[in-house]
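A single chain comes next, written as structure tokens; it is the form predicted alone.
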Amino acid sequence: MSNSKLTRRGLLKTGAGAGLALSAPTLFTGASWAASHTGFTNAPTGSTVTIGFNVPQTGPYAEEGLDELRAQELAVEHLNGEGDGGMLDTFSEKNLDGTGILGKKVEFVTGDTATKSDVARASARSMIEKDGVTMINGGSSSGVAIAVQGLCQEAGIIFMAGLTHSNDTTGKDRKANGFRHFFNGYMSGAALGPILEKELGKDRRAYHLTADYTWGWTQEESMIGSTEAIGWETANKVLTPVGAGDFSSYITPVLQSGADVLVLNHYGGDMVNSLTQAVQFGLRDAQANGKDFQIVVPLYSELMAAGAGANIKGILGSMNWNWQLPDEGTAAFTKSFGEKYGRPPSGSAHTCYVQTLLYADAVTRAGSFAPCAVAEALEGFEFDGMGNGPTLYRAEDHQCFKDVLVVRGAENPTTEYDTLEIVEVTPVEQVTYAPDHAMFGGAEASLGSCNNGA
């Protein structure tokens, strides 16, 4: 499909030779923006409105990011009345009619975060300053999400966090201008704990390999909290660099550690590599403490499962959403995505598609693109028909609460796309926590004040 039909205004490049400074950008303040803007940052004045899609198109999480971008482009088509409408028809709110947002045709710009916070901030800053976006959506790294969320807070822009699973995104680093539809590490642990107890027992010793950044740290903390609550011991926990590629030196000591479970707190290409190497080193065929050695992958995606192939068979994990769910919203989105791209969507695609529609709906309900009006429309918002069942955007921290999936690598997939099978749809009540929970910053955590910018 041509760029003109997609109303795509351009592709932002980042990195060497791209013309963007990759040093930390100047902080925005209301006063500095007021000098060149009136009312609120980037108030649209013409017949179009521009939103920004900031995703990893290169780096270890690139597959997830590119699928996010596909879904975001599809969402723009549907908002502009092109295609079958997807979830516009199953969404419980009926404010979106295919005429854009508040009658303005939707345009978009994109950027490559490269899964690096400084690159992501530079890309987002260019979208805000040069392209006049009213919202930024996307990302497949919690470090990136937290960095860009902070920038959007300073600039007076709404940030719809993409694939970010760290507790910190809507925990200690929560912001009034930021919202997250994706679930988090605590929810993964809360959903997986009872299933791990049932299938693997209470007498286990776990060895954690953990991505060395905010997501890995909080995922590890959540899994340790959940597994120690069912009686497991933590044998060891080792941090690994993002994008390491070769994890053999980290896997070699596992069988000598006294552990009988390896918990891989890795994502994207890192999970594919570390799991593949763990299987090659014989962990799946090993015995420890008189038990069959087990591997757990707390956060799954369809793209990771496809990359890991047969190595994931029988391995438990959790997901935010899966295209095999039987509800009407999932079916509508899967149909639209499949007709355009020739395969089912991933969970990361689903998240960014849904958030694009949720932003458009909030603007419509608010009758304004002003960030604080949009934030007010999203706070405490309850909705359905978007693939996860009844969902709440909690006002206190801007975290979505909904059912969580526990999945397992399929033993006998029938196609290249049904590599994961749903073990349980964990009810939202089991994964809900207090806004001041210690893992989320405690009583000191606060959204602060919404910022309209100018």
Partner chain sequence: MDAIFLQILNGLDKGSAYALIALGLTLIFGTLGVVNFAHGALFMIGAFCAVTLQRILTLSTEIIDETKTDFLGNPLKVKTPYVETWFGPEVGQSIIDWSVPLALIIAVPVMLFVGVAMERGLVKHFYKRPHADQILVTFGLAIVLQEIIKYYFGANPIQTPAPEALVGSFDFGVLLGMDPNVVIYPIWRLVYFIFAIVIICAVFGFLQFTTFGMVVRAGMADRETVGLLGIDIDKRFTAMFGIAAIVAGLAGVMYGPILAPNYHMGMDFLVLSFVVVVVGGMGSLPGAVAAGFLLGILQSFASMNQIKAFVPGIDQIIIYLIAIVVLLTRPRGLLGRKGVMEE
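Treat the numbers as computed from the prediction; the structure is a model and nothing was measured. Numbering follows the first chain given and starts at 1.
Not on display, but discussed next: the form predicted in complex with its partner chain.
Query raised in the report: Is there a heavy atom of residue 409 no more than 4.5 Å from a heavy atom of its partner chain in the predicted bound form?
Result: No, residue 409 sits far enough from its partner chain in the predicted bound form that none of its heavy atoms falls within 4.5 Å.
Query raised in the report: So in the predicted bound form, does any heavy atom of residue 212 sit within 4.5 Å of its partner chain?
Result: Yes - in the predicted bound form, heavy atoms of residue 212 and its partner chain come within 4.5 Å of each other.
Query raised in the report: Does at least one non-hydrogen atom of residue 403 fall within 4.5 angstroms of its partner chain in the predicted bound form?
Result: Result no; residue 403 lies far from its partner chain in the predicted bound form.
Report task. Answer for residue 329 alone: is it within 4.5 Å of its partner chain in the predicted bound form, judged on heavy atom distances? Result -> Residue 329: no contact with its partner chain in the predicted bound form.
Query raised in the report: its partner chain isn't shown here, but in the predicted bound form which of 282, 103, 380, 231 has a heavy atom within 4.5 Å of it?
Result: When its partner chain is considered in the predicted bound form, the option within 4.5 Å is 282.
Report task. Please pick, from 57, 391, 426, 50, the one residue with any non-hydrogen atom lying within 4.5 angstroms of its partner chain in the predicted bound form. Result -> Checking each option against its partner chain in the predicted bound form, the one that comes within 4.5 Å is 57.
Requested in this report: Within 4.5 Å of its partner chain in the predicted bound form, counting heavy atoms only, one of 347-355, 192-200, 334-342, 84-92 shows up; tell me which.
Outcome: After filtering at 4.5 Å, what remains is 334-342.
Query raised in the report: Candidate spot 375, 446 and 452, all three in 4.5 Å heavy atom range of its partner chain in the predicted bound form?
Result: The answer is no; none of 375, 446 and 452 reaches its partner chain.
Report task. Could you list the residues in 262-289 that come within 4.5 Å of its partner chain in the predicted bound form, counting only heavy atoms and keeping sequence order? Result -> In sequence order, 269, 272, 273, 276, 277, 280, 281, 282, 287 come within 4.5 Å of the partner.
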